[in-house]
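This document starts with one chain, in the form predicted on its own, laid out as C-alpha cells.
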Amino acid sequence: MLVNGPPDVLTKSIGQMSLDDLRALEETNVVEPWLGLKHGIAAMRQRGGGSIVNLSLTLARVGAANMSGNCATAAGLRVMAQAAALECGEQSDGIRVNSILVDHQSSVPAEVAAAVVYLASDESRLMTAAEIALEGDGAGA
C-alpha cells in the first residue's frame, strides 16, 4: 500500500502569491505524488498488485477565494490519479488507485484515517479511479 499526501495548503490571493509559492505547492502536491505513483506502481507490479491512496483537497472540484494554487494542484493530482488508475486497469496488474479529497477546514484526522483503511482493505477491492470526499462540519444530518 502507498499513501500519497497530505497536501500542503497555502492561503494567499493570486496577487499575494509568488511564482515560488506556486512552485512549492506544485512540488509537494503534484510532483511528490507523481514520484510515489511512478515508483509505487513499479514495486506493486513486482508484488502482483496493491492499493494506492492519494490525499488531496476538495478544492480539486471547486474553486475558492485565496486558494488558487491549492485548487490548481489538487485538480492536477485528482486527474493524475484517475489516469494512473486507468493505466493500471489496462495492464490488469491488480493495482488500485483511489483518492480521498479532504476539506482543509473541517476534515477530522480520524475520518481521513478510516477512509485510508477502507481503501487499503479488501472491502474496496472493486474500487479504482474513485474518490471519497470528506467535507462538511462532521455534525451529521
Partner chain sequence: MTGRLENKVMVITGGTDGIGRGCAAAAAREGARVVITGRDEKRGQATADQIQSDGGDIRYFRQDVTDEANWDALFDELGNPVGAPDVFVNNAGDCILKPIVDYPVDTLRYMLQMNIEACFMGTHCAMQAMAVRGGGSIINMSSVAGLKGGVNGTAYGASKAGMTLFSKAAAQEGKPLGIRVNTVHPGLIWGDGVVDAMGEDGAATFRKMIVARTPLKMVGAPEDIAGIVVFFASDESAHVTGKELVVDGGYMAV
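Only a predicted model underlies this, so the values are computations on that prediction, with no experimental measurement involved. Positions refer to the first chain, counted from 1.
Omitted from view is the form predicted in complex with the partner chain, to which the following refers.
For the options M80, M44, V116, L101, the residue carrying a heavy atom within 4.5 angstroms of the partner chain in the predicted complex is M80. Shown alone here, V108 lies farther than 4.5 Å from the partner chain in the predicted complex, counting heavy atoms only.
Proximity of R125 to the partner chain in the predicted complex falls outside the 4.5 Å heavy atom cutoff. In the predicted complex, the partner chain sits within 4.5 Å of a heavy atom belonging to G76. Contact annotation for G63: at least one heavy atom lies within 4.5 Å of the partner chain in the predicted complex. Taken together, the three residues M17, L35 and A84 all lie with some non-hydrogen atom within 4.5 angstroms of the partner chain in the predicted complex. Contact annotation for 6 to 33: residues with any non-hydrogen atom within 4.5 angstroms of the partner chain in the predicted complex are K12, S13, I14, G15, M17, S18, L19, L22, R23, E26, E27, V30, V31, listed in sequence order.
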